[in-house]
Structures are given as structure tokens and as C-alpha cells.
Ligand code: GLA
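The chain below stands alone and is given in C-alpha cells; this is the form predicted on its own.
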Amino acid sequence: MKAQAISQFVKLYGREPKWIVSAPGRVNIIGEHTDYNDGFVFPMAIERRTVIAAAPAEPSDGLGENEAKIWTSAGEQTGVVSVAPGVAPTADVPWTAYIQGTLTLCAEAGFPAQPFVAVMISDVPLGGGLSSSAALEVSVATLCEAISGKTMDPVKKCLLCQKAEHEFAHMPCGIMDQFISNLGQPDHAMLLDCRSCVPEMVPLTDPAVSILIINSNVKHALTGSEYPERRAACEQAAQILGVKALRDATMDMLNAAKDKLTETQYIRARHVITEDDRTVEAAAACKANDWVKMGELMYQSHASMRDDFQITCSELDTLVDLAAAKGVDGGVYGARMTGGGFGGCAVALVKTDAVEDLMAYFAKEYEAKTGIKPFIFVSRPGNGSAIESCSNG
């Protein structure tokens, strides 16, 4: 994609880019909706990335003072943003909001970008629960590092990108997506303690297993309130249990306080408490190459998201049911919904020598049951954000 970005940049602006940066999407193997509860998550960076090629603005670009112009391959549209500090968020959320928020916060943190023109090309699926938004934010923050010639503290960079999404995109996301997009390592998943912000890189090097990602190609129309409502229910349950966050709660504590909780608060908290335990267990299973155990935990995670957190949908349930029907003998150790929910992707832990057969199987059976063609790909754990090139000329 680097070559594609350079080619498009030259086509649009008539000169070579000075800076090229990139950041990956991610798939969360297990640990869903635990991050904003101070818990554990277990994502990996995928090999699909967002690439930005940029150069200083010139008078012929027609930009005003402190302006930058970005063309994106998503919809082949162009947006103009400000590189100045002090830009206030707006109520609406255009696609440039993620860029604007990151540029503004970088400028205020001492990593200002001079006016620039850019091309952004991404093969991270949009709306698939693979964190195209974090890939965008982290790549923009990485561009600010390249332009300013300074390197940001890695944790502060992740938190800055999260803040941009909170304030400018009005999405109260946890910290997982930005962390793995920034700090992912090849052939490693990341067990992230979302309270301490300390990541543990866990080798995922066994060539006999692969991560299969199946995009259901559905994103159900929602009011936009489902994520904040679930986060609020978790915070309310933690308050009633007398703990800082559900990370600190146990099932014994939850059951003892059941009469004080609404049914919704109870089942939401049950998902988070059990999911934290599953995530730590899955990381241990990964270290031990115990793929059967890891797969079982993935299935348990999906059931919890379906029944307690209620964020799956019939299409995602169908994909996981198809995985279970194949079973270990058919090449599938486990599968689950991944991402925020209500559509998007399923992730499956599979035998590498069965990948081609499984891709054909999921494509055929899922379309037969839903009428929808899925988008299926396999990925090894990829690299985090990178400055691909930065010329001094």
C-alpha cells in the first residue's frame, strides 16, 4: 500500500511525499468490553493498515494558514482540517473528526504539524469491528511525530488518540484499540492490563495455527446509545458493589449483591467479570500452545456476549455456530464475535492446514443461511505504528 499511496499522492499533488507513516487495525482475540472496566484484553495487530503519505503544503495547494488537506481512499473524498491547537469539537462527527481531534491534541501536547497535504489509503475494513478508527488516529499521531521530528511517549500517544475519539468522535471507547495499533509486534498478541496500561507481549508463533477473520458484512442500524448504555450499566454495577471498577469484583460479590442490582446491571457485570477471567486464561493457554483450551474460552466468550451483554446478532451467531459445527476435527478450535458488536466480524482460531477449506466453507454456508457474502481473510499478528519514510529534503 505504500507504493499505492505514493502513486496517488504524486497524481493528486504533482510531487513526491516527504513523510509516509502507517498504523494497523486490530482483531481482539478475547476480552470484549472489559477495557473500560479496567480489565484485561487480548488483541493482536492485523496485517491490514492505514497508510498516510504527506508533504508540506505549498501555495499551489490553495490552503489557508494552519490548514491541512487529506484525500482518503474511503469514498475518494477530500477533507480540510486545522493543524492549530485550540480547535473545539463539533456536535456532528464527519470522517475528518478523528483526524482533527488527533491533530489538535498533538499540537497542544507539543507535537504540532505544519500545514500539509496528504493521501490516506487503508485496507482495514470500515465498520467491521477491526478498529479502523484507531488505525486512523494512531497513523495521524505518528505523522505528527514525523513532522515535528519528536517521538511521543508511547503510552501518552495511545491515551492522546483515545482522548481524540472521546472528545471529537463522541465515542467513549476503552484504551485497547489505540494500544495495539500503536504497540503491536509481529508474531505476538498483547495481554493488556487496562488499569496499569502495562502490556505483556505473548508469542503467537505456532505455524500450525492461524487467525481467521470473517466479516459478516452487516452493521445493524442502531440509535448509537447501545455502547454508552452498556458502559453506564457497568459503572452503576461497580458503584453498587463498592468497587472502583468491575475489574475488582468477583462472582461471589456480584451474587451477594444481586438483590441490589437490576437484572440488566447484573448480567452486564456477569459478562465483564467472567470475561476478565477468560482473557487471562486464554493468554496462559496461548503461552502453552493449548489451542483446544483457548478455543473453548472463545466460544464461552461469545455465549456471554450473546446472552449477558446482548451485543451479538443473528449473523454473527450463525458464523460462530458454523465454526462449532466444524469443530476441532474440522480445523476450528474456537470462534467468537469480535469488536463492539451488533455486526462486524467474527474471529476464529483455526488449523493452518485447514484455512483454505474453511474459507470456502464459511463463504458457502454463511451466504446460504443469510443471503450475504462474507469477506474472509487470514492474518498473522502484525506490526504496530511505523514511520515508513521521512525524507530530509
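All values reported here derive from a predicted model rather than from experimental measurement. One rule holds for the numbers: they count along the sequence shown, beginning at 1.
One more form of this protein, predicted together with alpha-D-galactopyranose, exists but is not displayed; see below.
Not one of 42, 186 and 381 is positioned with any heavy atom within 4.5 Å of alpha-D-galactopyranose in the predicted complex. Across the options 54-62, 324-332, 30-38, 361-369, residues that bring heavy atoms within 4.5 Å of alpha-D-galactopyranose in the predicted complex belong to 30-38. For the candidate set 209, 245, 173, 257, a heavy atom within 4.5 Å of alpha-D-galactopyranose in the predicted complex is found for exactly one residue, namely 173.
When contacts are judged by a 4.5 Å heavy atom cut-off, residue 227 counts as touching alpha-D-galactopyranose in the predicted complex. Although alpha-D-galactopyranose is not shown here, in the predicted complex the stretch 332-349 places heavy atoms of 339, 340 within 4.5 Å of it, in sequence order.
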